[in-house]
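Take a look at this single chain, the form predicted alone, given in structure tokens.
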Amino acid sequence: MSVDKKILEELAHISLEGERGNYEIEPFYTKYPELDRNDGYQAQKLRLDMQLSEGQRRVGFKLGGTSLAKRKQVALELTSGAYIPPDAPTVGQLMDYMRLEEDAELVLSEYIHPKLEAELAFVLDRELFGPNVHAPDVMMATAYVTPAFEIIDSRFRDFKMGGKADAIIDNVSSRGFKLGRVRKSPFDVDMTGMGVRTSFNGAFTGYSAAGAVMGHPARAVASLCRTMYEQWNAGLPAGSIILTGAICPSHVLTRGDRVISDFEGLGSIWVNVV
């Protein structure tokens, strides 16, 4: 860790207050350019501890930068300063208050500048732990997979972040998620060739396949497990919801939008923006 813990606590608090107060904050890397990936995860852990101490509950994890399309979008549109490619997909925490129930609408005024991503979610029925977890282990530990939306809403001004730690400290921009209705064993769907298409108000904005996520989305979950072990000596508890990352680039949400994503062989997921 290259930055004093008190500074990391301050940055974690600033990020969390920006989320709670629904306001933008300034990038951290401009004041602390020495922040590295390890600093980012230490600060994210402090942020999580603040939430847990207040009675909030963690229900899962999210991954960022698991598809080439999303990495390209981050490099071209969401970066302040020079783009620094991450060494591995980034990891964030899903909290209970983030979940949108099946028929819930997304209330735009509750966010800063939200974007939506279609993702494949895994739900575990047993714990995964350690540095040697790989895709077959993930498949065996998964109760089911289901379509998902993630609502990302970076607290940083103009949705731009920089350096190696900004996004990690800010919980990888996570703000909300919604799960689909259809649940299937990962062995009952095509985990690489499953087509995914997303439409906004009837116009298609993205076509891809589940395999866009690291060649096989179970690899993303394995990467998450290894990062949690490396950074916090922690695992993925049974029951965890895991969002494996954007299959296509994220899309800005506006009031009146109706978003639908179709997952081949796994049903659809939708949300209305009000």
Partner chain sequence: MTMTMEEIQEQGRLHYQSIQAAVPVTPPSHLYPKMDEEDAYAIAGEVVRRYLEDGYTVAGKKIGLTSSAMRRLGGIYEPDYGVIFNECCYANEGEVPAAGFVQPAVEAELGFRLKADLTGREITPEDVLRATEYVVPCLELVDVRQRLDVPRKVFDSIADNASFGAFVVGDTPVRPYAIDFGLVGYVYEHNNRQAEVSCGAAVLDHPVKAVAWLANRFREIGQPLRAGEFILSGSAIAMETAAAGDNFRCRYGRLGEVSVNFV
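Positions refer to the first chain, counted from 1. Source: prediction; values computed, not measured.
The same protein also exists as the form predicted in complex with its partner chain; that form is not shown, yet it is the one meant from here on.
Proximity of P237 to its partner chain in the predicted bound form falls outside the 4.5 Å heavy atom cutoff. Proximity of E105 to its partner chain in the predicted bound form falls outside the 4.5 Å heavy atom cutoff. Shown alone here, R197 lies within 4.5 Å of its partner chain in the predicted bound form, counting heavy atoms only.
Shown alone here, D125 lies farther than 4.5 Å from its partner chain in the predicted bound form, counting heavy atoms only.
The contact with its partner chain in the predicted bound form, taken as any heavy atom within 4.5 Å, belongs to E264 out of E24, D257, E264, E10. Residues within 4.5 angstroms of its partner chain in the predicted bound form, judged by any non-hydrogen atom, belong to 211-219 and to none of the other stretches in 211-219, 37-45, 24-32, 53-61. Although its partner chain is omitted here, in the predicted bound form none of E110, V252 and W270 has a heavy atom within 4.5 Å of it.
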